[in-house]
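Presented below, as structure tokens, is a lone chain in the form predicted on its own.
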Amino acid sequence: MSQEVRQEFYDRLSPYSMTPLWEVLSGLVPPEPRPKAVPYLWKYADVRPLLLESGALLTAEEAERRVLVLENPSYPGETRTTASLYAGIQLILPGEVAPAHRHTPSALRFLLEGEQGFTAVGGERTIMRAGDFIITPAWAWHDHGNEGDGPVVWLDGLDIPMLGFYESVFMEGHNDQRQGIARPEGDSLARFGEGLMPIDGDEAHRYGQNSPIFNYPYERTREALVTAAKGEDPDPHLATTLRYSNPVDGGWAMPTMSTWMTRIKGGQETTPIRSTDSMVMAVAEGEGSVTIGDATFSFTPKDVVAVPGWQWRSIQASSDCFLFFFSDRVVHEKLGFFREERQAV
């Protein structure tokens, strides 16, 4: 049958809001993933002056959240860092408070700079120190503040693009600027982070599938990685990597975003690996370079990198590196389509 006859048929489908699958099937279900996002590096040396400048333009209360979004060049105007992940850099100046609110997206914080910043989640407050990984579960009240003398800066990670697909992103403001504090600082870590659990299991599920620990201190994570590296040779593709886990079931710490920390010794280079999940990398310590597909970026502490899915990636460490990652892997695993490939050593 001629193309003209087929096209005439297609044209008659349009008024009925129908289209022929066979004309788009190869693009709709390709032989392998085709990520739209591109690899990208945000240098903290570039971000920080602009972030501080924003602090002179408006207060944290005026902005509700004073954040510079790390927007992937492939998604202009869409506030996406990868197809499924949002990342931004948030600033709280001395004496400021980011007002209490809650929202359906889950959020994580990775502190980049500052000593006396705090966040309160669900009635418990914690001081945030450089390298700490902090969870804000979906629909949990939270506010932030700075009781120090210098700026406090952290990386925000949220699953907003995922919830946006389901048209389920919304929030609610608190009646007060700060929520009430009902538990002492360190309560969740003491109850759930010492290899112990409350005998009443219901308390462990206060935030659904999220870990009941909401601050994983960097000091402990770093020590664990250094000690673990003494026990066995690093994995050629992953170096020494430990994931943040939920003590209740041993799974990922968050239901929609996987998180882990990698240590690569100076002078080492990982063998290329690729996987279907997209991820964001933040540099806690060290210098080196990361190769993603055809792009190579040199990094220093506090830099942030977007890593699209299904791109060959490898890391070269000039000095000892400690690298924080978050990705959408946990969703891929739950839905059964996570795939990974490793180049031969």
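Note that residue numbering follows the sequence shown and begins at 1. What you are looking at is a predicted structure, and each value in this text was computed from that prediction instead of being measured.
Below, we turn to the form predicted together with a small molecule, even though it does not appear here.
- Look at 110-118, 209-217, 179-187, 140-148: in the model of the complex, residues with non-hydrogen atoms within 4.5 angstroms of the small molecule sit in 140-148.
- This chain appears without its partner; in the model of the complex, the one residue of 103, 222, 243, 174 with a heavy atom within 4.5 Å of the small molecule is 103.
- Of the candidates 37, 60, 304, 67, 67 is the one whose heavy atoms come within 4.5 Å of the small molecule in the model of the complex; the others do not.
- Taking the partner from elsewhere, residue 86 is found to have a heavy atom lying within 4.5 Å of the small molecule in the model of the complex.
- Contact annotation for residue 158: at least one heavy atom lies within 4.5 Å of the small molecule in the model of the complex.
- At the 4.5 Å threshold, heavy atoms of residue 90 reach the small molecule in the model of the complex.
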